[in-house]
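Here you get one chain, nothing else, as structure tokens; it is the form predicted on its own.
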């Protein structure tokens, strides 16, 4: 991936509007700041009518993606698309000073500061650069951007900065094994590649919680979407859109959808948006006639054929239930940490799975879960040289600015660790 905006190459995506696979592609391209045109078509027969000159092998199906060179790929994974755009690379070094897992604000910040200070740095991201913040349509309270900036644009600027300083970025990477050997982190990836690092920063963030209702998986990415849905806003014209959650990401999503949708309904379990929403968002939502808020409410049932067509909403106070026609439900209800990779390591996690760091390790019940063989720095886990930054950390502040700050701060502690150890 180049350091300039030349990565914004125009692609065209053809597919059925209700296709799960097509949504995954649109979401990935939007988060990766790739310009694309979406063309809804019913099936392969319609595609062949439009492009009779394109050779189609039996079994190939939609969605189809037209690449910048004019060639088509059919029913591709995001990895296939990334490969065709030249984004999938092998590790440049056998061993790095620092490995950073997670390409959200904390990970990107750590990468920029580490590489700019001379450390050989590799950043590993399993999906698209930007993390959960990258799905936000607009971040308005981040310092230095009075007009706001979209999450994916902020992430893309940080990516370019990291590449400029020499960060080795490995995209669409999933690990099969992570272990600490001789004070170094060894990670094996599913594609057969491996990296070794003398220190590590985990900035893997969180993933959205599920609604935990019957048939939820049936409509996943076919009416029920997790995240702020920035890629789907243009498809919601004249629709009734539902946003589940009362935090800033949900509030920003509701405001974004209100520019396109006929109506936006926020569904929250509490009785007061002010308890979870920043004032500037609360004030705007209250003034938007298109946005309504259902308090003390939750979705209890979903229905439809191949895609979502209706939801049942229950009120916990009145016990009333209401059925709504619904094609778009966006869920932003908090998250769980992406720390499963550390299950077989000595890293202490809390009951929810978040990494415990610094002085918190000396507090019950965590004090009994490690050997206290060293004095951990503020962001250091129970394994020397392994740090955590951003949302993945126990008791972290769930804000972009704090994640960026922790990423930078972690690099300071990494320097001290490397100086004292090697």
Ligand SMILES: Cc1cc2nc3c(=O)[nH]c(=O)nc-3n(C[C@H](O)[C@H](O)[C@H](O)COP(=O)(O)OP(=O)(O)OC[C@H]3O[C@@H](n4cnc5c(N)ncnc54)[C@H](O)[C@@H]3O)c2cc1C
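Numbering follows the first chain given and starts at 1. Being a predicted model, the structure only gives us computed values, none of them experimental.
As for the form predicted in complex with this ligand, it is not shown, yet the points below apply to it.
K.L.:
Work out which of 113, 225, 96, 208 lies within 4.5 Å of this ligand in the model of the complex, going by heavy atoms.
P.N.:
The option sitting close enough to the partner is 208.
K.L.:
Please identify the residue among 303, 80, 127, 153 with any heavy atom within 4.5 Å of this ligand in the model of the complex.
P.N.:
None of the others qualify; the residue that does is 127.
K.L.:
Kindly confirm or deny that 132, 140 and 338 each have some heavy atom within 4.5 angstroms of this ligand in the model of the complex.
P.N.:
Checking in the model of the complex: 132, 140 and 338 are all within 4.5 Å of this ligand.
K.L.:
Counting any heavy atom within 4.5 Å as contact, can you tell me which stretch out of 132-140, 348-356, 258-266, 233-241 lines this ligand in the model of the complex?
P.N.:
Contact-bearing stretch, as computed: 132-140.
K.L.:
Check whether residue 121 has any heavy atom within 4.5 Å of a heavy atom of this ligand in the model of the complex, and answer yes or no.
P.N.:
No.
K.L.:
Contact between residue 311 and this ligand in the model of the complex at 4.5 Å, heavy atoms?
P.N.:
No, residue 311 sits far enough from this ligand in the model of the complex that none of its heavy atoms falls within 4.5 Å.
K.L.:
Look up in the model of the complex whether residue 199 has a non-hydrogen atom within 4.5 angstroms of this ligand, and give yes or no.
P.N.:
It does not: once this ligand is placed as it appears in the model of the complex, residue 199 has no heavy atom within 4.5 Å of it.
K.L.:
Although the partner isn't part of this model, could you tell me whether residue 20 comes within 4.5 Å of this ligand in the model of the complex, counting any heavy atom of the residue?
P.N.:
Judged by the heavy-atom cut-off of 4.5 Å, residue 20 is well away from this ligand in the model of the complex.
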